[in-house]
Structures are given as C-alpha cells and as structure tokens.
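The chain below stands alone, shown as structure tokens; this is the form predicted alone.
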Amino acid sequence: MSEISFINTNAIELKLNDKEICRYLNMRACDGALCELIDGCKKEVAGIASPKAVFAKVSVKALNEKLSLGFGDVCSKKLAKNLCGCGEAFVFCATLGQEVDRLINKYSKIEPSRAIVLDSVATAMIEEFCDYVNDILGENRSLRPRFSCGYGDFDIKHQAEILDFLDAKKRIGVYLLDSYMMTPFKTVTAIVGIAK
C-alpha cells in the first residue's frame, strides 16, 4: 500500500487570474462593473474555501493501453500515451471544501448572476490549487501533464477507485455521487506521471 500524504493551503494565498475567470464566464474581458463583481466574488470564495489534497505515489505498469496503477487497472489509450515511459505516477484528489458549494447554492436561489460568477471563480481556484499541488509534487522531478477521469477514454467510473484508494471521504470529505461526480463539486482527481 502506498503512503497517503496530505496538503492543506490555509497558509498560502492562491493567485486567481481574472482572464481565466472571464474564460469560464465565456467572456473575453470584463468591464468596470463585472471586474468589481469578480473581485467581490474572489474575496468571498477565498474567505470560505478550504483547499485540501491527498496524494500517493504509485507504480505504473503498462501493456499497450492497459495500465496497472496503485488503485486498480485501467484501459485507456490516451492515459497510456500520457504515461508512456513513466515507471511511477502520483494519484491525487484536491478539493475546495463544502462551504464553497453552499455559497454558490445560496446565491443560485437569491442572485443567480452572482452564483454564476462565484462558480467561475471557484473553478479558477480549484485549477490554481491543482497547479499548486503539481508544483509540490514536481519539486526536483519532471512531471507529465495531469490527466483526470472523464478525459478522453479514461472512464469516469475510475473516480470511485481513486477516492477509495486515497480514502478521500475520511481524509478530506470528498464523496462520490451515483453519477460518478464528486461532492464538494469543486473537486478534482488526477494522475500525474513522473518522467524518467
């Protein structure tokens, strides 16, 4: 069994890019009023988000598109291509926590336009947090781009195996729904190959 490690970012400030937030809003740029709304939403999300992650290093055994990873066996040509030449990989789960979901849900009932911006801000934040996790994992080593369940032919059903393997429910409060989506909704699982 691989050792499970934990990352908590309450001590650091994630830098959110307004251009990325606008991209999630399907806008090229923001004007004065939208920029003010985005700034307010960034402060609101940052004030309640609790970014956490769990990860483990696993061995990678590949035979064509069939992969044996620490959490189970996977059949995926695209993931196999991504991990080609890697003898090991990191498996991780990162989340912003349940309070972000509650905030977005609250505004979806009373101010839907703000809820949309909050959702885009939270999406940018979980991606930024995943980049932060990658930076920690990549210290003194070269990593492949992260690859998540649901990308290409990497079946979303493997989400269950990853969460179980990382004990994500107990460690960081991540649950799997019947649809294989995760809650809190601003949660990501990924495989990151360690290049030789």
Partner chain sequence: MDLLTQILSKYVFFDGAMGTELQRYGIKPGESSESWNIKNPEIITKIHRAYFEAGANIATANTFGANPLKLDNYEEVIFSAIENAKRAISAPEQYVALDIGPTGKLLAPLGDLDFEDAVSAFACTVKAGTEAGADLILIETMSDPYEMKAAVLAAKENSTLPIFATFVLDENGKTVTGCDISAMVALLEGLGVSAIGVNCSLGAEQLMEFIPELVASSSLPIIVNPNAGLPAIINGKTFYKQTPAEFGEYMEKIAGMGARCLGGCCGTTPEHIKEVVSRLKGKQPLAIEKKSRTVVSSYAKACVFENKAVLIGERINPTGKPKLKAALRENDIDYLIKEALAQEENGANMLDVNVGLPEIDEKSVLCQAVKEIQAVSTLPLQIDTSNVDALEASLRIYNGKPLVNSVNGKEESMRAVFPIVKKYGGAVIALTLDENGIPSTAPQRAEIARRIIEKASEYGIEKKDIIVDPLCLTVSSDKDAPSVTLEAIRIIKSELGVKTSLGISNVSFGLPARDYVNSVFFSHALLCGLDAVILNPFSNEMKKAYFAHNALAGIDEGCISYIEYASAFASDSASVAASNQTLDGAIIKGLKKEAKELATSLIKEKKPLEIVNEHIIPALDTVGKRYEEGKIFLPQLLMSAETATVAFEVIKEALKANDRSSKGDIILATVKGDIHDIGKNIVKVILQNYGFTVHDLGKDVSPEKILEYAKANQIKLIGLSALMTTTVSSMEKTIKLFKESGYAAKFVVGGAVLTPEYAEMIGADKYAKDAMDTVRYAQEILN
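Residue numbers count along the first chain shown, from 1. Worth saying up front: this structure is predicted, and the values here are computed from it rather than measured.
Here the subject shifts to the form predicted in complex with the partner chain, a form of this protein not shown in this document.
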Practice task
Spell out, yes or no, whether the shortest heavy atom distance between residue 169 and the partner chain in the predicted complex is within 4.5 Å.
Solution key: yes
Practice task
Indicate whether the partner chain has at least one heavy atom within 4.5 Å of a heavy atom of residue 129 in the predicted complex.
Solution key: no
Handout entry: is_contact(residue 104, the partner chain) in the predicted complex, heavy atom dist at most 4.5 Å
Key = yes
Practice task
Would you check, heavy atoms only and a 4.5 Å threshold, whether residue 178 touches the partner chain in the predicted complex?
Solution key: yes
Fill in the blank from the handout: The one residue among 80, 86, 115, 74 placing a heavy atom within 4.5 Å of the partner chain in the predicted complex is 115
Practice task
Find the only residue in 136, 160, 27, 46 having a heavy atom within 4.5 Å of the partner chain in the predicted complex.
Solution key: 27
Problem - Partner contacts in the predicted complex for 34-72 (non-hydrogen atom within 4.5 angstroms of the partner chain) - result: 34, 37, 50, 52, 56
